[in-house]
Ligand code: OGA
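In the form predicted on its own, a lone chain appears below as structure tokens.
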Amino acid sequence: MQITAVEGLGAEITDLDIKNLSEQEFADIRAAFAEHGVIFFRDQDTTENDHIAYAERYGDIKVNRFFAAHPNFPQIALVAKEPDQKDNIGGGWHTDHSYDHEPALGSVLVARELPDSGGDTMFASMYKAYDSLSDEMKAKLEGLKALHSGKHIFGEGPDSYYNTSDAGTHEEGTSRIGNSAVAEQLSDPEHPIVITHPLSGKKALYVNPAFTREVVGMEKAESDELLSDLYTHVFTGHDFHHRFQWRPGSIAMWDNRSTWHWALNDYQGQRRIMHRITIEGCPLDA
């Protein structure tokens, strides 16, 4: 097994089969994941059961309540775009599941069907984003929290995306979780703007343009300005960005606490099918 850091952020792990990992190999992979925030595998031949087994080595699987599930493997979310669709899933910088009170540890994405060209995924390091802030900005952020929500994207109530799509049902047509659980999960959490990462112990910036709504305790104008400054800092920090080019057999695993990602939508008229498993996380501390 060889672990090689890639430009910007992340590490590519080669010369191994994730279906047959020794305890030491898995420990080394887990350490690389904590250190780099995203890891990439090439030339893997995995079934859905292999995908599930690998993810379960990290923890319990978090079933996404908004995505359509694989018809035979409800642990796997289908991230799909058909040739006639214009919009894709995950377009724009974001962090998965920051709208949860216990944000997801990470996601394991497996390429199943790729377009002839396009469909890359961008990643950005929130470790490096924090480290490269000015001392003045770091001091300003100390102790601050931000409100996160998915309601403006997924909706709530009887006409929400959850209740009007296949994402809320099993293949038999029954709800994955009851209405009271939906309401509880859709309550908006507050997370520290700067977290101490639970695996690496490093500081990371924890806001994102998709799901962070406001800085707690600030007037809207001041909150909007601060968040805009932080987002601009990440948008322009190309020394901590990486563009991952998918190939058949590629797998990417990213840490939702220390990275952003963006699925590029540059393959109109082509099909792209990905399988995603998300792993349960824990509360975040400053």
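Note that residue numbering begins at 1 and tracks the sequence as displayed. Since this is a predicted model, take the numbers as computed values, not measurements.
This next part talks about the form predicted together with the ligand, which is not shown.
- Any of the heavy atoms of residue 109 lying within 4.5 Å of the ligand in the model of the complex? Residue 109: yes, in contact with the ligand in the model of the complex.
- Query: Is there a heavy atom of residue 100 no more than 4.5 Å from a heavy atom of the ligand in the model of the complex?
  - Reply: Residue 100 lies outside the contact set for the ligand.
- 4.5 Å heavy atom contact, residue 214 and the ligand in the model of the complex: Contact check for residue 214: no, nothing within 4.5 Å of the ligand in the model of the complex.
- Wondering, does residue 121 line up within 4.5 Å of the ligand in the model of the complex on heavy atoms? Residue 121 belongs to the contact set for the ligand.
- Task: Select from the listed residues 189, 192, 150, 90 the one whose heavy atoms reach within 4.5 Å of the ligand in the model of the complex.
- Result: Of 189, 192, 150, 90, the residue with a heavy atom within 4.5 Å of the ligand in the model of the complex is 90.
- Between the options 129, 104, 79, 141, which residue brings a heavy atom to within 4.5 Å of the ligand in the model of the complex? Residue within 4.5 Å of the partner: 79.
- Item | Candidate stretches 68 to 76, 133 to 141, 197 to 205, 90 to 98 - the one whose heavy atoms come within 4.5 Å of the ligand in the model of the complex | Selected range: 90 to 98.
- Would you mind checking 247 to 286 for residues with a heavy atom within 4.5 Å of the ligand in the model of the complex? In sequence order, 254, 261, 263, 272, 274, 276 come within 4.5 Å of the partner.
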